[in-house]
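Single chain ahead, by itself, as structure tokens, in the form predicted on its own.
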Amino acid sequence: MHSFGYRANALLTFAITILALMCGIASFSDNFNSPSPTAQVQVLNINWFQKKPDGDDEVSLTLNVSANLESLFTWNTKQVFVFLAAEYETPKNSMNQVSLWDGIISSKEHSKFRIHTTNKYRFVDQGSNLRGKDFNLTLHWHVMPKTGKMFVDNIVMSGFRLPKAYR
């Protein structure tokens, strides 16, 4: 006959194997979700646009950010990290990305939001490259699951331009 320790070991191994299999199936099932989030950003005001003493350009914006990210939430979603970035080109770099605002959405009930805010982080360019510059505002999100791989995507909103003169 088998001892108590041997039987307990067999039962524990079986339970862990079933748990791992269930986690794998759960992670695989997220591949069938096709989210369709929406977002809109408005630049209401350019509070200031100045050249700092060190020669860098700095901008302060007042924004309206509205988004519906409900479709990102499934039974496997733990939280969603969201951030708004300004993206533009300069002669030195083909892609410059500056984070303006971020947030963590921990439940589906909070995934539909509208906020009125100034940029949470400084919009600074190292140099004098922002005058008259076209830029995009991009809403990025990272879906953090309870199990499985993280999903990343974004929505790009174009058609924004900074003034040609400092204010």
Partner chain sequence: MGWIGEQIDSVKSLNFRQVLTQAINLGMIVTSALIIWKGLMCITGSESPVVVVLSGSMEPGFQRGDILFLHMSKDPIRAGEIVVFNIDGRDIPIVHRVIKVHERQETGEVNVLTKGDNNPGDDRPLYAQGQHWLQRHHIMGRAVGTHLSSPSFHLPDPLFLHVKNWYWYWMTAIVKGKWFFQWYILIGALGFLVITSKE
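Model, not experiment: these values are computed from the prediction. Numbering follows the first chain given and starts at 1. For clarity, a rigid core is taken as the largest C-alpha set superposing within 1.5 Å between two forms.
This protein has a second form, the form predicted together with its partner chain, left out of what is shown; the following refers to that one.
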| query | finding |
| --- | --- |
| Check all three, Phe73, Arg114 and Asn136, heavy atom within 4.5 Å of its partner chain in the predicted complex | no |
| In the predicted complex, the one of Arg122, His110, Lys51, Arg131 near its partner chain [non-hydrogen atom within 4.5 angstroms] | Arg122 |
| Listed residue that, although its partner chain is not shown, lies within 4.5 Å of it in the predicted complex (heavy atoms), from Ser60, Thr38, Gln42, Gln126 | Gln126 |
| is_contact(Ser66, its partner chain) in the predicted complex, heavy atom dist at most 4.5 Å | no |
| Residue contact check: Val156 to its partner chain in the predicted complex, 4.5 Å heavy atom | no |
| Any non-hydrogen atom of Asn47 within 4.5 angstroms of its partner chain in the predicted complex | no |
| Exercise: Ser99 in contact with its partner chain in the predicted complex, heavy atom 4.5 Å | yes |
| Residues within 4.5 Å of its partner chain in the predicted complex, restricted to 70-96 and counted by heavy atom | Lys78, Gln79, Phe81, Phe83, Tyr88, Glu89, Thr90, Pro91, Lys92, Asn93, Ser94, Met95, Asn96 |
| Core fit, then Met150 C-alpha moves 2 Å or more between the shown form and the other one | no |
